[in-house]
Structures are given as structure tokens and as C-alpha cells.
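Only one chain is given next, in C-alpha cells, and it is the form predicted on its own.
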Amino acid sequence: MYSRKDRQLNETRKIDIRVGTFPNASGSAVFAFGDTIVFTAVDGPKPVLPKHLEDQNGLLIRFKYDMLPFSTEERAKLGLNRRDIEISEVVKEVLEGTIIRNKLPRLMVDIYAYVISADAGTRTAAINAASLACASAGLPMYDLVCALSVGKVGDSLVADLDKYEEDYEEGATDMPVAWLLKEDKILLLQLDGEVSYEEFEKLLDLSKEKAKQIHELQEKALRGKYESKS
């Protein structure tokens, strides 16, 4: 049976959230799962350029995810690779499911997410950070998005896998999930590996339980931002 030295199997790593970190951005946030740290910034809403991309029915969302060269030991090159582009599209689709786009027709917003330290779970950390940054920018939203990875390490079901667990030699399954809790809706569900149907149901329940905890921390961080200004 797999066990952890630093936390229980159903616990996330320490979560650190900061909102309004970059004063020149429309909205910004930093979100960390332990040693995985992502900062995000929002530029907009603003007029659409080039003009032909304008959507008369709703807000145009552009999202860029990138891992900085020093975020991992192996990565050396600056710039987007295929994985970065794929994650950018995934997170963009998640944000399109939570931002009320039809309230901002003919406008656009650029959202940037940069991983400054990576120890697995970067896409879910990016989703959480981007959701907070959009809220701090005043974008109309159905709710904050809460995301984390759950999965199976060896024979154990776990929350918030780190890099060691993703690469566990006896086998691991990683399942990123993003929840829109007020709508009881899943905006992202991916599965890298194999689990039984019973295990899948348990992992979904675990992800929802932890998403509620993340949501509380997100709301606390947002309140802290506005209370500090009052």
C-alpha cells in the first residue's frame, strides 16, 4: 500500500494564493500547490484586434500557458511547445465555461499563465490562478473554477499528485478535474492511465470534496484583496 510522508492520501499539498499581485494588469493572481507555482495576469476587456476576430455575440478569450526555462531541471528552451499549446487550449475552454461571455460582446481579453516552478499539477494550478485573475479583473463569471488532479498511485487513491507520484515506478494514474461548483458542473476531466469504474467514482467524489476546499480559499483570497483596499 502506497503511503505519503508529508500528508494524508486524501490531502492536497499546501495551497498558497495571492490576488492582485501585478498592479499594471487588469487582474492577476498566483496559485501554488506546494512547489508548483503559477502566476497569471489578465489584459482587458479591450477592443478586438485584428478586427475580423470580433464576436458580436460574446467576449473573445485568448489564453497563453508557458513554462519558464527555470521551472524544472530538464527544461532549457524558452517558448511554446506542443504540450504548452494543448494546455492553453484546454484552459481556454474551461474559462469559456465560466466567464459570461455574452455580457461583453465585441471585446477581447488576453490571459497569460506562466509556470515559475513545476512539481506536477501545473494545468490545474493554472486554471485556479486564471479563474482568480479573471474575477479580480471584474469579468462576469458564473463562479470560480476549482481544479486539481486526483488519481491512483500504486494501489492507493490520492489527491493532488506531485511529480514523484506521477512517475511512480509501480504505476500511476493522473486525473485532472475542474469543477464549477455552483452549477455542479465538470468543465475538465482528463484521464492518464487506468482505473476501475468504482475507483473512478471515488476519485470524482474526492475531487469534488477538495474543490470545495479550494473554493473557500479562493473566496478568502479575493475578499482579502478588496478588504485591504477599503
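Residue numbers run from 1 along the displayed sequence. Just so it is clear, the model here is predicted, and its values are computed rather than measured.
Another form exists, predicted in complex with a small molecule; not displayed. Remarks below refer to it.
Using a 4.5 Å cutoff between non-hydrogen atoms, residue 151 does not count as a contact of the small molecule in the predicted bound form. For residue 67, a non-hydrogen atom is located within 4.5 Å of the small molecule in the predicted bound form, even though that partner is not displayed. The shortest heavy atom separation between residue 110 and the small molecule in the predicted bound form exceeds 4.5 Å. The closest heavy atom approach of residue 156 to the small molecule in the predicted bound form falls outside 4.5 Å.
Checking 159-167, 24-32, 44-52, 193-201 against the small molecule in the predicted bound form, the stretch whose residues place heavy atoms within 4.5 Å of it is 159-167.
The listed set 104, 144, 118, 90 contains one residue whose heavy atoms approach the small molecule in the predicted bound form to within 4.5 Å, identified as 118.
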